[in-house]
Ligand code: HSE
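Just the one chain here, the form predicted on its own, laid out as structure tokens.
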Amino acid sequence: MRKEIVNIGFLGFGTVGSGAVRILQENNVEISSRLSPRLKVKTICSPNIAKRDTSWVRDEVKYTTDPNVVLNDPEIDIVVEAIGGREPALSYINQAFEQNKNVVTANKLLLAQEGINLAKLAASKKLSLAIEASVAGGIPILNAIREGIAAEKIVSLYGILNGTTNFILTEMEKSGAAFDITLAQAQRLGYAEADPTLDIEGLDARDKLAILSMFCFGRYTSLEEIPTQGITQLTPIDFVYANQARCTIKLLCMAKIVDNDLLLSVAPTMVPHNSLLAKVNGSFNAIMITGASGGQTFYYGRGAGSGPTGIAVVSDIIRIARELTNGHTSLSSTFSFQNLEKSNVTELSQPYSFSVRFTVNNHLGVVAKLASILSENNINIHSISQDKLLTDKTNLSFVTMLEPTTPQQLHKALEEIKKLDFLIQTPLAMRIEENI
């Protein structure tokens, strides 16, 4: 039976929810020219809806603080979960499926943790779980992997997946300001939350990487197994040293299959200036995928915000509405693969060049002692750099560029170095990705 109207209910009316509603209204003419049924926002649910500015929303929309009004309404075809977090979002999505409703969500944490179970439930009921907005905001990366390069055997993925951290790193490099000052600036501009932990500790990027690994390789793992390092240790001097090596610093996400295991990593990484990823600045995101047959493809755009994320949400709504018009939904698997396989996470084991920043009490024999420990662990120093403008000669900061070594060898050497009494700060080691 052909549907004339597709009714939509929103759970949550924050950045994502309000952005999607605004796009549905403002882009109505364009949407109508691409879609037969009319999209109608029937109900918006938010616990603090009375405090929200809804003056711009169409008069036909109803408001409620009770999620059950949306979830139990037999006329609502699509539920947009725009709450975030694990609970009550998980319970609401399960209830929506039980009530035979399709779901659109941008909830990357929930999808990284429970996406497989939710996808199975949706498939069992012949419903759609649409998740394009969960990764990289306005970049249609999930659809590109699912449809655009569906025939490709993906070899590797590298990505800048968090706009907040990329903005902070860009500003630190550009202005020379300290991390705390730049974080405060990001908060004032709305790029960072009042509690920025998920962003600056790499956890948001980790969740998105977990979702992408499902799309690229059909593999999943527990989030706790993914090696994750944030950006809080970085200082302006690190960008000076990186620039001397013709590199910049990015919070880089990496995914590969190595010996049938998943190799996943989120960490501050030195990226050569001639790489496309080095040119991704501000709050933008980018993903670089290499395939065995088609080679490299590159995806770039805004990774967050009401506009980019709202576009992704509404695009998912349009796809589901098209399917409903044809009398069925769930035409393709949520995570691209028919079945997902549990995978172990392996460690980086191939030799890499590394940059290691040391901050020490300045006295004779410091460099000789560090070099000795590195040598005992079969690690050679390529060069040593020190900023000529440094005024503090007591707390000496310098960087050693190491010849290729395995992360395991470097870790062993650094554990010994951490015991030295002249060390002021924990050494900061960064991998140099020379071939991206």
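Please read these numbers as outputs of a predicted model, since none were measured by experiment. We number the residues from 1 along the sequence you see.
Here the subject shifts to the form predicted together with this ligand, a form of this protein not shown in this document.
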Worksheet item: So which of Ala312, Leu161, Ala130, Val80 reaches within 4.5 angstroms of this ligand in the predicted complex, heavy atom to heavy atom?
Response: Leu161
Worksheet, complete the sentence: Only hit among Asp207, Asp238, Asp199, Asp316 for heavy atom within 4.5 Å of this ligand in the predicted complex is Asp199
Discussion item. Given the stretches 162 to 170, 240 to 248, 268 to 276, 90 to 98, which is the single one in contact with this ligand in the predicted complex, using a heavy atom cutoff of 4.5 Å?
Written reply: 162 to 170
Item to complete: Flag Ala304 as yes or no: does it have a non-hydrogen atom within 4.5 angstroms of any non-hydrogen atom of this ligand in the predicted complex?
Response: yes
